[in-house]
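Presented below, as structure tokens, is a lone chain in the form predicted alone.
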Amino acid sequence: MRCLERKDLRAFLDKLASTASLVAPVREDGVVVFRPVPSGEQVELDYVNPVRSAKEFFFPQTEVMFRFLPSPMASITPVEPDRQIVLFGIRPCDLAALSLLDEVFLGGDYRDAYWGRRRELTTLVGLACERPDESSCFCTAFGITPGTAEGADVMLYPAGDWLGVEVLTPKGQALVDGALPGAGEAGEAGERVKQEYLNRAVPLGERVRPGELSKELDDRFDDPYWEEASRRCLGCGICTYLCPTCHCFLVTDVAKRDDGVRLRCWDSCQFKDFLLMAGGHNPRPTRKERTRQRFLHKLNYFVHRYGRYLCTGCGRCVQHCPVGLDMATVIADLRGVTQHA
């Protein structure tokens, strides 16, 4: 593990911005979001988590898949990303979310070329979480900690006036060799700091651990709880749009007389027309079915298919759901535990 003096962090970011498109947390209108930045000067370093996750840089909210010309002879021109990106400041919960989405977009028989290409072009610089929010963060419920580096190419561990720099992949090695050629070794102090992050407790996560909940939910499809929970839901979809692991989308064509594009756009299982069919049938006609789908997908269906919960405890739903129907609350309700004990 190498050592980066905190006073040299801006220069490190400037170096990254000079060699690739740097995406990092910035503060806009009082909230922190990921944005492309020209230098390290604009980068925000005091934050729990950006309001939106890094997912949108691999799976954009609206994405052009290809362009087509209908006449005189049909032709299709794929649109592929081609810029190198360094994505700086990703917290462990969002890193884990990208790994989960790799299972969806790159696992199995079908490989999503758009997701895969962006993943190939992007180097991920993770940042251990110095101050998890005690009222919203619950990463440890899913085996993640403030120092988990799963999915990162480089992981940074803040420690007072310096940061430990751990290289985890060949891509990360190339980045560090280019931007920190003279960095010293952190030695035992670096390993000590890393272990402190890995062992750091997150109170809400300790209280709402799902345990074997996925197995229990095998027999709870018709549980009265879904009707009770659905009465609170507004169907606004903010939970799915801010969630780092939600990945529902629709595909639509937009055509003019002489050209057109096929678009992939985010969608939400919480919208009433999400499954509406051409003949008028809707398999999830009421809010009860839609509420049940969201939570059973993350806590049961995904586990059966991939062996992991589709949640990383980032806390965005806890912070932003207007009626408090968030994942931590629902897990606590289903397990019969008191969330804020």
Partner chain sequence: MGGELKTASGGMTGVRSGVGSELAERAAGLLAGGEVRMFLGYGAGRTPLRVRPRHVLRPEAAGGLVWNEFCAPSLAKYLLEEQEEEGRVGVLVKACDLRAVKRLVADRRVERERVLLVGVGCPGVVDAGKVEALLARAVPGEMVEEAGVRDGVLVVQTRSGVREFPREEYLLERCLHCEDPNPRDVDLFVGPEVAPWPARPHDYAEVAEVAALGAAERAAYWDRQFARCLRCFACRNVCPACSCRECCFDVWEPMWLPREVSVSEQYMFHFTRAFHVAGRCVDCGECERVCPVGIPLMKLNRALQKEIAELFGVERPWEPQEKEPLAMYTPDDPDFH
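Numbering follows the first chain given and starts at 1. Keep in mind it's a predicted model, so treat the numbers as computed, not measured.
The next section is about a form of this same protein that is not shown, the form predicted in complex with its partner chain.
**Q** Tell me, which of C236, A174, A201, A189 has a heavy atom within 4.5 angstroms of its partner chain in the predicted complex?
**A** Looking at C236, A174, A201, A189 one by one, just C236 meets the 4.5 Å heavy-atom criterion.
**Q** Using a 4.5 Å cut on heavy atoms, which of R220, R119, R207, K194 is close to its partner chain in the predicted complex?
**A** The option sitting close enough to the partner is R207.
**Q** Non-hydrogen atoms within 4.5 angstroms of its partner chain in the predicted complex: do V37, V43 and F57 all have one?
**A** Contact check failed for every one of V37, V43 and F57.
**Q** Its partner chain isn't shown here, but in the predicted complex, which of 164-172, 147-155, 82-90, 250-258 has heavy atoms within 4.5 Å of it?
**A** Single hit among the candidates: 250-258.
**Q** Taking 4.5 angstroms as the cut-off for heavy atoms, does H320 touch its partner chain in the predicted complex?
**A** Yes.
**Q** Just checking whether K215 would be counted as a contact of its partner chain in the predicted complex - the rule being heavy atoms within 4.5 angstroms.
**A** K215: no, not in contact with its partner chain in the predicted complex.
**Q** Check R52 for me: does it contact its partner chain in the predicted complex (non-hydrogen atoms, 4.5 angstroms)?
**A** Yes, R52 sits close enough to its partner chain in the predicted complex that at least one of its heavy atoms falls within 4.5 Å.
**Q** Although its partner chain is absent from this view, report whether P132 comes within 4.5 Å of it in the predicted complex, heavy atoms only.
**A** Contact with its partner chain, yes.
**Q** If you look in the predicted complex, which residues in 27-61 sit within 4.5 Å of its partner chain (heavy atoms)?
**A** Going through 27-61 in order - heavy atoms within 4.5 Å of its partner chain in the predicted complex - the hits are R27, E28, D29, V31, V33, R35, E44, D46, V51, R52, Q61.
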